[in-house]
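One chain is shown next in structure tokens, namely the form predicted alone.
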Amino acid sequence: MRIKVITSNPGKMREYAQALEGLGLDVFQGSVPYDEIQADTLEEVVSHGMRGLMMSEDSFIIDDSGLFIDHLNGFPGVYSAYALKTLGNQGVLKIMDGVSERDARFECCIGCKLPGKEPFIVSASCEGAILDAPRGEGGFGFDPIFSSDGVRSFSELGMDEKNAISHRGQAVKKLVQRIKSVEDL
């Protein structure tokens, strides 16, 4: 079975390819335009995107992820992609300058549609904190300024280690369980 991961992010695609390896799926990256609404939750964004994609696609995976900073009342949250593009990691660090309350979490919401099956959504999160400065060369997005263990940023972790603990890694584990539970793969 072929399944398209709809993303323009090569880092995200690498994480999906590694996590879904061994399921007997032909996983490939595709760029399909769809209406990505601004909403209050990641699940609303994914649900809306899925409804539009089901008109033209029989099999796909989409996700929306966000960094939710407690001190900023959950900002950037559902606006994380925009905040990363406009503020970047340095802008977030500037906003957090002098703030001692640095608790944050990454959340990931994945929507999946398999041929002839009902669509479904899985979600997961990873608790952590915003670091004082970016660290590491790996990862992407806000990875250099987020740490789940207070020691290393997500950018300092290898892909296997990051996938074992990250929001997307946990959501993909749930995705894999759901895909495995579908009969006649």
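Numbering starts at 1 and follows the sequence shown. The shown structure was predicted, so the numbers you read here are calculated from the model rather than taken from an experiment.
Keep in mind that the form predicted together with a small molecule is not shown, yet the notes after this line are about it.
Under a 4.5 angstroms non-hydrogen atom cutoff, the small molecule in the predicted bound form lacks K174 among its neighbouring residues. Interface membership of S65, defined by any non-hydrogen atom within 4.5 Å of the small molecule in the predicted bound form, is confirmed. In the predicted bound form, F120 stays away from the small molecule, with no heavy atom inside 4.5 Å. In the predicted bound form, L93 stays away from the small molecule, with no heavy atom inside 4.5 Å.
The listed set P134, G52, G141, G30 contains one residue whose heavy atoms approach the small molecule in the predicted bound form to within 4.5 Å, identified as G141. Shown alone, this chain has one stretch from 121-129, 22-30, 53-61, 141-149 that lies within 4.5 Å of the small molecule in the predicted bound form by heavy atoms: 141-149.
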